[in-house]
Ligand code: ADP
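Quick heads-up: it's one chain on its own, the form predicted on its own, in structure tokens.
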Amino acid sequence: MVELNSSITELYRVGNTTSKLLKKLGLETIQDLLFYFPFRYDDFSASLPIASLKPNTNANVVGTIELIQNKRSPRKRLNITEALVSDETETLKVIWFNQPFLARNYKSGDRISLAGRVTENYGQLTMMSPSHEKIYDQDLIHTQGLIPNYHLTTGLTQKQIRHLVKEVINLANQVPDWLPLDLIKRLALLNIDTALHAIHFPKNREEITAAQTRLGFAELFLRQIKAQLIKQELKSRRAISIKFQEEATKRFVDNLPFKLTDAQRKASWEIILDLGKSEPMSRLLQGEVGSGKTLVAIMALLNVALNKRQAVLMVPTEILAEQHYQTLLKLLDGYNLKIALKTAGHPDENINQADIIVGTHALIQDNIRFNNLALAIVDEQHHFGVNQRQKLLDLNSDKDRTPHFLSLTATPIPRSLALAMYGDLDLSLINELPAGRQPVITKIVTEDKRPEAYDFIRAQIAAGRQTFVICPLIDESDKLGVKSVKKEHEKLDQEIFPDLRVGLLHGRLKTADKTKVMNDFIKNKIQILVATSVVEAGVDVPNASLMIIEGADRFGLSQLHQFRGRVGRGDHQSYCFLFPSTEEITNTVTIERLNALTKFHDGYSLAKMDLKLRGAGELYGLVQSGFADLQIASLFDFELIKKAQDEAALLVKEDPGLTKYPYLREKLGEWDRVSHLE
């Protein structure tokens, strides 16, 4: 008998191959399926007679197959399935490509439901590659009503996911409702069973809204409960009080080749005040790409080091660690401090003697213990899970002292989002860019304009500037049809720009090679750098003025915004050219997403657009340990977030141990009461 914790493999037609693909989406049990929510719905509520169809509209049609047959297109080597479908009003032509099995599955006389785009083909109304299902009864889940769409992985289809969810949806009544009953009644929320039915197979838009409110509130409420419990724990912790080194900090600021922005000054002062307290700082520093967060962090590192305590800065990539290390050596020269670098490719043995340590995950993967760690800073925090950050905080040999914690992020965080994601963290904002920064001019470039783009690259380099070229893959992949960094490097280096210096950078290179390539680019020994997403976070090359992104549709808007932030860091005008994959150039959602980049230059607006078009799970790119990314809750719905926070604070105050709420305790899982949420 199939139950909530049963394996997906127990379901009909889920073999080894399908189960591996489902596992890629995090789906291993029946309960996982029930909580894998759609990110959008196709509306095929209106079923139209064929005679009423109009070109360039979406529609649902119900009819009888008059004729269905396969033929082969010799020119494009395509299998084409053609059908004629009629109802009492008219006949419609239907075409599918490379699905020859359809002519075996359907036969003349079968009743069929179709959903898709109606076009005009040589004067005849036609449906190209519509969704389809044979009519046995009225329970149609692919072509009629509001049709759920789920995030997929290569090899899985929407039909497969819908079939599987349909097979288990009646088990929703076995899901224990972890929200307190009085809270459900007071806020007029749906119970969990009704909400799960409505989110997957809604009868109307009102049902979707009600389900999203209930499930979204539950996601936020769990985070807020966790945040409230963490706040309790933090109150009992002790940290080392760091005395403000006013004279040294003033000297540091005066020696900078530019003036700090008011926002940088304010954020620095908030952090310095926190460091002076004997309870652990727990702060998030958020700032636009290129707003100068690193400089604020360096001032905190300097103050801790001059108090004869250790400080650590953890970053997501070796390239970024190396760059921060070099920046610290340069900016803190003259303060008589020992600065160490710890990465997989740079195993510094003397970090216990260091004042400031810069590193990657290598800092928490080895058995390292610091002598007197007083401050832990995590840069680009969305790359780290809660467990990794907890390890960082446990590195101190003095177990009675918790290090101060500062988290940096360029991910746009309005105050509502900060409440949702970081309920236990104080927030500092750097909401202005350094003086003289110009917005990066961003354009979508189609294949026919590629020669002009190459001419523009040459002109920029002739003017003394440099260019990034980003590709989605390291190696060629016929299946995905997107450019690989190796192939593109070969083409640019040997065919397009044989007279220029073209470099190659990707994650599989040895550490020493990556460092050399990046340093050569910084010194302008390389004029064009062809790279993968390893340059996404933090890399600073002020002389680079042009960012080319191949297969731009393969990246989320927040990630594209990060790439764009690698240029425009100097005084000269900079540019970003987006090349979509050829097959995506007609996809309206893809073009709408990429157009957003040409219109908006702030991460907040782009995050809202990404949320609207791709779903909340895409905002951060990675599922973090502790909680999966929000699937339902809108991170811009301040009212719901505030309500969840208020209700959680009330409940934890009344019942700190959650003794009256066993289902809620179980839902939170057996987690250590750690100091920081994602």
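Keep in mind the model is a prediction, meaning the values are calculated, not measured. One rule holds for the numbers: they count along the sequence shown, beginning at 1.
Another form, the form predicted in complex with adenosine-5'-diphosphate, is not on view; read the next lines as being about it.
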{"property": "Distance check, residue 202 to adenosine-5'-diphosphate in the predicted complex, heavy atom within 4.5 Å", "result": "no"}
{"property": "Contact flag, residue 258 vs adenosine-5'-diphosphate in the predicted complex, heavy atom cut 4.5 Å", "result": "yes"}
{"property": "Contact of residue 293 with adenosine-5'-diphosphate in the predicted complex (heavy atom, 4.5 Å)", "result": "yes"}
{"property": "is_contact(residue 602, adenosine-5'-diphosphate) in the predicted complex, heavy atom dist at most 4.5 Å", "result": "no"}
{"property": "The single option of 288, 488, 318, 553 touching adenosine-5'-diphosphate in the predicted complex, heavy atom within 4.5 Å", "result": "288"}
{"property": "Selected contact from 87, 540, 520, 110, since only one has a non-hydrogen atom within 4.5 angstroms of adenosine-5'-diphosphate in the predicted complex", "result": "540"}
{"property": "Interface segment, criterion being heavy atoms within 4.5 Å of adenosine-5'-diphosphate in the predicted complex, picked from 449-457, 432-440, 511-519, 79-87", "result": "432-440"}
